[in-house]
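Only one chain is included here, represented as structure tokens and corresponding to the form predicted on its own.
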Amino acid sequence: MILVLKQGIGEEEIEQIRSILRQEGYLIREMSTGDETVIGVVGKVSRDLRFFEQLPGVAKVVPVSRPYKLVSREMHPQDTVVQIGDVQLGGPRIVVIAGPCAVESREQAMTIAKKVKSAGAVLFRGGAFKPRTSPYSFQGLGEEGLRILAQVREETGLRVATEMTSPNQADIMMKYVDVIQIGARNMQNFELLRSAGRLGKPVLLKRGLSATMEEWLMSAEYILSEGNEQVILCERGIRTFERYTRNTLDLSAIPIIKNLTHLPVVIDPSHATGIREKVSPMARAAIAAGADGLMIEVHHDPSNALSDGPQSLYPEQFEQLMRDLYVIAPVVGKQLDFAYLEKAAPASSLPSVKTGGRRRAVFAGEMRAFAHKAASQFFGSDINIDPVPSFRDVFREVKEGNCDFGVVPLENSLTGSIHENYDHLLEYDVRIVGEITLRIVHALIGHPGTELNAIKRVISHPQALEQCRDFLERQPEWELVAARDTATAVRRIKEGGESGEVAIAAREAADLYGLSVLKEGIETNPRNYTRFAVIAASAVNNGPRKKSSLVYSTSNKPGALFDTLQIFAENGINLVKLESRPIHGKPWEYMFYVDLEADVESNELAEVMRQLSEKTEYLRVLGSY
């Protein structure tokens, strides 16, 4: 059951409730759900629920109907995010775990680890203990395999996951690994589950060969009951009558499990299909269905692999799959970074400027605006993210050292560039240190019960109004009112209290202010994306740089711009954006903003930049990232 406590309850009253529950022999879990403080109670309830309702400070008692309590979303409405080193699994970023089925040698493991990391994997998998169907098959290297995994972590920075097959392995698992995997054959090995729960490390629990979803969740309950809430559920296919694949991948489990539990869900298409050519299609489908991550088997020489070679992707296939997932992820509100660890490095490698120990990023607008969502997806939870009134304030805060990073939109796929921010990039001496692309899904938001025929006024940011032009043109009687940002528009609706006023914003803003989504997906084109830049006062060392942004001007003569573009063409540098902006105070003279798929600050391109400087009157590197 769940005890919902009264608002404003004091700590002394809460402690008294805790004491009573402990005396009754219950396991308790405390959580906060918005404005409410909630205590989850697990155990056999021997008293009438009215006993608990009458406790001082208790507002109401809600029975939990599921046989699994701690795992249930009834007990824990918010999604659980599992922290594995710098990696967060269950948040807005797609997490890909990749590596061989089994660790065969140090050279094999290190070779594969470097390849999968360069393609965007953030965790490394490899079996040291292999429970095989045949006792004569390769059973793994044991503790030597664990030592190799620890060396992989030390040399590559990838945290490692491996399977635990016996409670007797607890000590060496604590010593060497970051994520403990419970295999499908051990899903109902309850002593093993309890042992893994007591270790306190993140546990990846695979679904059993013929297990129902409820049995799977009950197994997870064993781990949580030991006090370990860092559990990841892994669907790896179930045994059916179909023989065209090794197992049958149950993708329907993703939305069902996400509805039943707060735990993150990972899909293993390698074991599910058992066929190399089927792995990538199923991986793409899993992300589209809402999975939080993937576990993919990769081997540089699968024909000679000691375990599961036929289902292991070649590194080149894995790299292509990651590029596909990069495109798919924003469609479902997620992100996949080719270099997750390096891209997140600014948040941890740069000391905070003036904010004490925790770094700070700012964006223009209010909480739950799209820029806030972009900042949260880029940095995760390891940084303070605060709103400021305007785009200019973002640049000013960064330049004056009042924050470490700023997040600003640069262009939208439907309405084009945000010219104000391109001008600010020229005006302020800051650096672009990263970028993130966010799919923009607009919702019509109003007070509960508002009917479309009762709407008189629509409030939103001008860009949002423009992006929803086709929908709004079908309602010519509606008055369109501009706001500073989309979240501000929702706040105005909340404070105004008029049922005839609505806002256009993200669904998250409606949740923040307790309003209703009247209609979602009202943008003119579903392929509506905004590219945000992450800016800092100076360059940061955040790993390999694959892109650069420049601004320059040329002499006013025929072919001057062509001469600069020819330099890029002759050196095989791909130009992905070219835009002109008027030079303030110089009518009919222009600056050119250029994005290139290259690190122009590398030693290899020093000669290219020298040639470019000779063909330009003004040249500045805005950032390489």
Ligand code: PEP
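From 1 onward, residues are counted along the sequence shown. Model, not experiment: these values are computed from the prediction.
If you look for the form predicted in complex with this ligand, you will not find it shown, but the lines that follow are about it.
Across the options 125-133, 504-512, 447-455, 524-532, residues that bring heavy atoms within 4.5 Å of this ligand in the model of the complex belong to 125-133. Out of the listed residues Gly183, Pro264, Gly145, Gly120, Gly183 is the one that sits within 4.5 Å of this ligand in the model of the complex by at least one heavy atom. A single residue from the set Asp404, Glu163, Asp292, Asp485 has any heavy atom within 4.5 angstroms of this ligand in the model of the complex; that residue is Glu163. Interface residue remark: Lys206 is counted as part of the site for this ligand in the model of the complex, having a heavy atom within 4.5 Å. Contact check for Arg159: every heavy atom lies farther than 4.5 Å from this ligand in the model of the complex. His271 belongs to the set of residues with a heavy atom inside 4.5 Å of this ligand in the model of the complex.
Mapping the unseen interface onto this chain, Arg236 counts among the residues with a heavy atom inside 4.5 Å of this ligand in the model of the complex.
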